[in-house]
Every structure is written in structure tokens, then in C-alpha cells.
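Before any questions on how it binds or moves, here is one chain, the form predicted on its own, in C-alpha cells.
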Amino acid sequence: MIDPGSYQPEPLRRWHIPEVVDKFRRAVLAQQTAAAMDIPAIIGGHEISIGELASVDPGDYERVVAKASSVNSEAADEVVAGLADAQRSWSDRSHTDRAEVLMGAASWMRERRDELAALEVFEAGKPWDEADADVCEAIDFCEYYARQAVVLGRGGVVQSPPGEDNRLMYVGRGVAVVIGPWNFPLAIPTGMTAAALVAGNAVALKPAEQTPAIAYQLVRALRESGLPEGVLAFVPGPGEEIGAALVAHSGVQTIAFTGSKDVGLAIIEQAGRTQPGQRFVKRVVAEMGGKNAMIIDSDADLDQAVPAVAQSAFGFAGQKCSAASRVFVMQPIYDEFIDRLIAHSATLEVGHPSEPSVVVGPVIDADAHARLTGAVARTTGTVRFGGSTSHIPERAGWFVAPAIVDGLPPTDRIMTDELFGPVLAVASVADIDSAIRRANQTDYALTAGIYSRSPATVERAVLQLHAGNVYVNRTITGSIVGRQPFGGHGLSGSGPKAGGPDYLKAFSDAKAVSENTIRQGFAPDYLS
């Protein structure tokens, strides 16, 4: 029996315990010496080897982590047809039956937690704590959505006057396509896939090209936990090929996407075009990034604010849609704040995340490296820290040193663009009104934060900052499923919030049933 009220987030590893460190170190060493993994595609319940898509260690890009199948656009019809057939029987199962599969997948991942996190260290370049947290979040999504599905299965609350029985029930929409990112390569695909499945949909999972091996572990977890064959297709391959073909397909009813604004808006535009033979309106659940700001009030506790800003900006090399990329500091404390931020940032170790002391690992690929180093090299501001190769390990990895830049005009791309890396813009402001106005000068509205000891200032910021998630006197990254439902406004996403009570409804259609219960006479059921 699944108790909807018993959800608790998976506890993070306690890295100060030597036994915990030693156990994970062994998992890292095992992964470091492992041969490249072979990752199949799965279509119609059958494993298929077709083409090749290689993923490499971004901290040592000469090492291949996995060789995955590469599905092209020609397979889209077969993928969707197989899912449509499987979805009919899957949707007939109760929400509770489907939730049991998610609970099983959570247990499967929990038993292999170190193994999964170690794979993330090498395929995604995640430091130890970030990799462990990603696996925990994947477990949390399964546990939380399983319990939310039980609630959804009870239906909505509607009135039923005497003589009439009214019900509001939620049913699966059909075939869903999940397009996952590389930066949270297990957690985010798990959240989108688990929600779509438990709501009664069949799913095609298109993982990021950079991290197919990690995403495949979700497929293993679900299949080994009783998910019927054919209900989940796994289609690694180029997004512009198989991803685009599935988004445009007339048989796909729902698309869940996490990634860049440009790609997300293109998906939304494509989904709005009704294809020949399409008899429904497609729904898009999109999370599209941010240009997130933190405000440091003149009365802020800098002992707390400085490390929180550094962690928010440079943790996992700033490769989070929630990461801090702009900081607005009150003029009276500006010099002290930036001096302390530089000193703290200088203590952050840059290197291969297989080492437990590393905080800033590599960026994901050569394109990211060129984009970030180019932005710092061409900035019109003053690089106060970073931007020097002296901070970068001498190895074949895509390393970018954390950079702190100030003196920026509002039009500099470090102030305006989502660079998705360890580059932080810092600016001095006169008062809280100026800080809020500057923070809101962006098309994005994902996360924001403020450090202040004034309740009135905090309340004003909470009300006036344009962001889906506002954090007070803490980091602006690290939302926890069931506690901080995550998702933005503006061009940061289309909602609803992941890890919150509204999310499953995005993958469901509501059906109202009304029955007249005042019968005239009695008609016995006929036995066949």
C-alpha cells in the first residue's frame, strides 16, 4: 500500500564520514577502469543496435565512456506506433498499479546509488556531492510522483446533488516524448518520464547526446521494476533528427523538454502546428533556463552570503539552469563583498571530479568551452578573478576557471545571456529598488535570491522579484522534490512546477462523468 503522505526526500551522503568516502571512492575507481559501455536503443520492447553515438569524459575527452545506438528520424513512425499500441493497456491500469512500478524503480536506484553517481562523475563531469544529489533527486521524483498518482487516481473534488453522481477523473493523454538534458542526466529525465508514465502515457525518452549511459540506467530501473515491454522507448540520437521528428509527429500528444530557450521555443512553435491526421492539441511542458540574480543587502551576513553566492555560481561549473549568474550588491558593502568573494573563489579546486576535493569540474563539451572562454575574453567589463589558464588543470579536459566580472554595461552578454558556466557578473547598486529593477531586466524568470536581515526588505523582494523560485538567505540552487517545486515564469518555462502537486496533471486529461442515479424501474444485468 502506497501512503501518499509518507514521502520524505532521500538523505544526501554525509561526506564527513570516512566509511562513506571510502565506499564511494571504490565506486569511482571501478568506473574509472571500466570498459566503454554499449547502450542499445529500445523500440517496441526490443533492444536495437543502430549507428553509434559516443559519449566521452568531459574531464578527459580522449576516454570514451559509452557507445550508444543513434536513432535517426526514419524510426519515428515505428517508435510512435509501438507506443500507441502499448499505451492502451497501460492506461487501463489503475494509478496505484502504475505507481508501484515507480516505487520499484526508486528502490532499484537506491540499491545502486554509488554506482550510478560514479557514472555521472565520468559521463557528466559532476563532482561527488553533485552526482550523489542527482541520484537522490531521481529517487525522490519516483517516490513523490508515485504518491501523487495515488491522490490523482482518487479524482478531483466536485459536487453531487441528490439524484446525481458526478466524478472528475484523470486519464492518460497518449504518447509522450521526453527530451532530457545532460546537466541533471538522471534526475530530470526521471522526473519527466516517471510523471508521464504514472499518469497513464507511453513514453519515448530521447536522452541528451552527451549522457546516454546515465539515462539508460533509468530505463533499466523501470524495466526491472515491472514496466510492461513497449510502454517505454529509448531513442538516443541527435536532437535535430530523432528529437525533431518525434516533436513534429502527428501521433505525439505531449512533449516534456528541459534545455535551452531557443530549442524550447522552437518545440513550442512546432507543437502548435496541427499535422494532417492529428486529432488533438499537443501539450508542451518546457523548462528553458534562466539568467538568475542574487541581491546582497547592506545588512547581509557576508559570512553566509559569500560562500552561498560562490556555490550558486560555480558549483558544477555553473552548469545549472538555476545557477547564479548576476549579483547586485549595495554600494556601501560592495568593495568588501567582492574582495571576500574573490578570496573565497580562489579556494575552489578546479579539476577532474574523480577527486573528492574538486568543486569546479569541466564544462560539458568543446562548444561550451569556446562559448565561455570567448565571453570572458571579449567582455567590456573588468575581469576581477579568473579567466586565466593558471587555474586550469593540465589535462585533456574542457576546463573553465571561475570568472568574476564587474564594471559591465547592461548590454554585455555576460550580463544578458545564459552562458551556462562558471562566469559571474557583479554590480554595485544604490538601493533595494535599483537591485530589484536590475534583477528583473531579463527575459528569464527562473530563480532569484536575496541576503538581508530586514524582514521588510525581504518581503518586498519576495513580492517584486520576477522568478518562479525565490530563495532567502540561502543558495539559489538545490531545490528538493516536494519541498521547493521547481519551474520558472517568463521565457524560463511553460510550467507546471516539477516536484510539486500540479505536475502530473500536465500529463493527464480531466474527464467529467455525470450519472443520473434516479432510475425508473430496474433492469437486471444480463450474463453472457
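Don't overthink the numbering: it's just position in the shown sequence, from 1. Remember, it's a predicted structure, so these values are computed and weren't measured experimentally.
In what follows, reference is made to the form predicted in complex with nicotinamide-adenine-dinucleotide (NAD), a form of this protein that is not presented.
### Message
Can you tell me which of 206-214, 409-417, 148-156, 94-102 lies within 4.5 Å of nicotinamide-adenine-dinucleotide (NAD) in the predicted bound form, counting heavy atoms only?
### Response
In short, 206-214.
### Query
Phe257: heavy atom within 4.5 Å of nicotinamide-adenine-dinucleotide (NAD) in the predicted bound form?
So Phe257 counts as contacting nicotinamide-adenine-dinucleotide (NAD).
### Proximity of Val231 to nicotinamide-adenine-dinucleotide (NAD) in the predicted bound form, heavy atoms at 4.5 Å
Contact with nicotinamide-adenine-dinucleotide (NAD), no.
### Query
Taking 4.5 angstroms as the cut-off for heavy atoms, does Val263 touch nicotinamide-adenine-dinucleotide (NAD) in the predicted bound form?
Val263: contacts nicotinamide-adenine-dinucleotide (NAD) in the predicted bound form.
### Query
Any of the heavy atoms of Leu446 lying within 4.5 Å of nicotinamide-adenine-dinucleotide (NAD) in the predicted bound form?
Leu446: yes, in contact with nicotinamide-adenine-dinucleotide (NAD) in the predicted bound form.
### Query
If you check Cys321, Ala403, Val329, Ala194 against nicotinamide-adenine-dinucleotide (NAD) in the predicted bound form, which one has a heavy atom within 4.5 Å?
It is Cys321 that has a heavy atom within 4.5 Å of the partner.
### Message
Can you pick out, from Asp85, Glu164, Asp299, Glu240, the residue that has a heavy atom within 4.5 Å of nicotinamide-adenine-dinucleotide (NAD) in the predicted bound form?
### Response
Residue within 4.5 Å of the partner: Glu240.
### Task
State yes only if every one of Gly180, Asn183 and Glu287 has a non-hydrogen atom within 4.5 Å of nicotinamide-adenine-dinucleotide (NAD) in the predicted bound form; otherwise state no.
The answer is yes: all three residues contact the partner (heavy atom, 4.5 Å cut-off).
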